[in-house]
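Single chain ahead, written as structure tokens, the form predicted alone.
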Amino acid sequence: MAAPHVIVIGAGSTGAATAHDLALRGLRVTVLERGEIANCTTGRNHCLLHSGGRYCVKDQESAIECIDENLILRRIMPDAMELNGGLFVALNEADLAFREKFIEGCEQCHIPYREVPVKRALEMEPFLNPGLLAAVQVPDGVFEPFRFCLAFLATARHNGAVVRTYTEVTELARAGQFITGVKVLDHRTGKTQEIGADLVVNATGPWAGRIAEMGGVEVPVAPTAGVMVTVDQRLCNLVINRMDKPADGDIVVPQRLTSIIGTTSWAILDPDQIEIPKAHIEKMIQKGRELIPAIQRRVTRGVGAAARPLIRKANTDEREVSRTFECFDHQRDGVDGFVTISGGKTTTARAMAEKAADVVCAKLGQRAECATRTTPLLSYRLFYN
């Protein structure tokens, strides 16, 4: 008897990790992506492997998810990571007053940390603001988003998954209350096709609401945009964070030979239509140079925006919404054979996939256990071999 067939919509970090988990459990998997791999939210983020430090005071559930997954990803995909670490720095008395809460949060969320003397911090990062008052080191890191997804998908393909890019889902096929597959448009050939499945997973991030509507259900995903500015020099080797609760322009991430300043946050209606306000660009540069003054003298290499798939909470500001994730089995909405996984961060993609795959396997009567915590991923280079 053939294994059940699962379609995963989306080849960003969540979809790629979900395909890997399901294929490793022995299911037949087809991944459908309307563009290139990691071409949307995952490919436009600021490339941070989170230690959880950004959330350890205000959003401890997310912080714990981040540090747990950080340590797993270091083991299973080291060749896609730069494990350089991060510094949380205090630049004024308000930052310094937050230091005690930050250290307490790290301890509560089991985030490894060490206080770094100011003189030593400036030796480690010569471009840091010389007015630095305190610094704490945590195990942040950096990844390249395209390679991140390719590592999961290369391993999924090795285990039998099929990955189809430039294949857009235009409709969910339905028989009564059951989703029976998808209708797609192949952007390369212009042809349409229906693909049957035993279950469909919606892993489309901020587009999850749009796909859910095709099935006649709703998911509380609130697309929230953020502007990032990249300058043309690597001005730090560690990730530099402001020692405060998350705010606009409070982080500089080294990525290859550049530095990425991030990020703003505001609700949007359409993640395909993000207009970048000029004031947001100016604010990123202003806030970034408070951390690293040399940013003011660097050439802006790029400006971008990505939409975060936050799980919507009533009457909650975007900055206050938890960065955790949720899996929705739409059987509870009267539609079976359809599951949505959304929220979270690229750092937590593997955990999101585990949650989604657990739900999928339970629905399909598959008893295979998750093995992604300990299974090394193939090199991202092997995806095209």
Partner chain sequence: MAIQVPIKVFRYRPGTAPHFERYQVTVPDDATVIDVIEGVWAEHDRNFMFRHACHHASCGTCAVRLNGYERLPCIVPVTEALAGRQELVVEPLRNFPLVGDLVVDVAGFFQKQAASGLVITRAAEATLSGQPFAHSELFSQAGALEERAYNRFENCIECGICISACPTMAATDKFWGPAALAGIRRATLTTGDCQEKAALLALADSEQGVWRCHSAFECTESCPQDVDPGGAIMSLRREIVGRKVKHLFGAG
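Numbering follows the first chain given and starts at 1. Source: prediction; values computed, not measured.
The next section is about a form of this same protein that is not shown, the form predicted in complex with the partner chain.
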May I ask you to choose, among 103, 247, 81, 133, the residue with a heavy atom within 4.5 Å of the partner chain in the predicted complex?
81
Contact residue in the predicted complex, from 212, 236, 295, 310 (heavy atom within 4.5 Å of the partner chain)
236
Should the three residues 226, 266 and 330 be counted as contacting the partner chain in the predicted complex, with contact defined as a heavy atom within 4.5 Å for each?
no
Consider residue 38 of the chain shown here, and say whether it contacts the partner chain in the predicted complex, taking contact as heavy atoms within 4.5 Å.
yes
Any chance residue 97 has a heavy atom within 4.5 Å of the partner chain in the predicted complex?
no
With the partner left out of view, is residue 43 within 4.5 angstroms of the partner chain in the predicted complex by any non-hydrogen atom?
yes
Using heavy atoms and a 4.5 Å limit, would one call residue 196 a contact residue for the partner chain in the predicted complex?
no
Of the listed stretches (172-180, 139-147, 216-224, 88-96), which one has a non-hydrogen atom within 4.5 Å of the partner chain in the predicted complex?
139-147
Residues from 248-278 in contact with the partner chain (non-hydrogen atom within 4.5 Å) in the predicted complex:
255, 256, 257, 260, 272, 273, 278
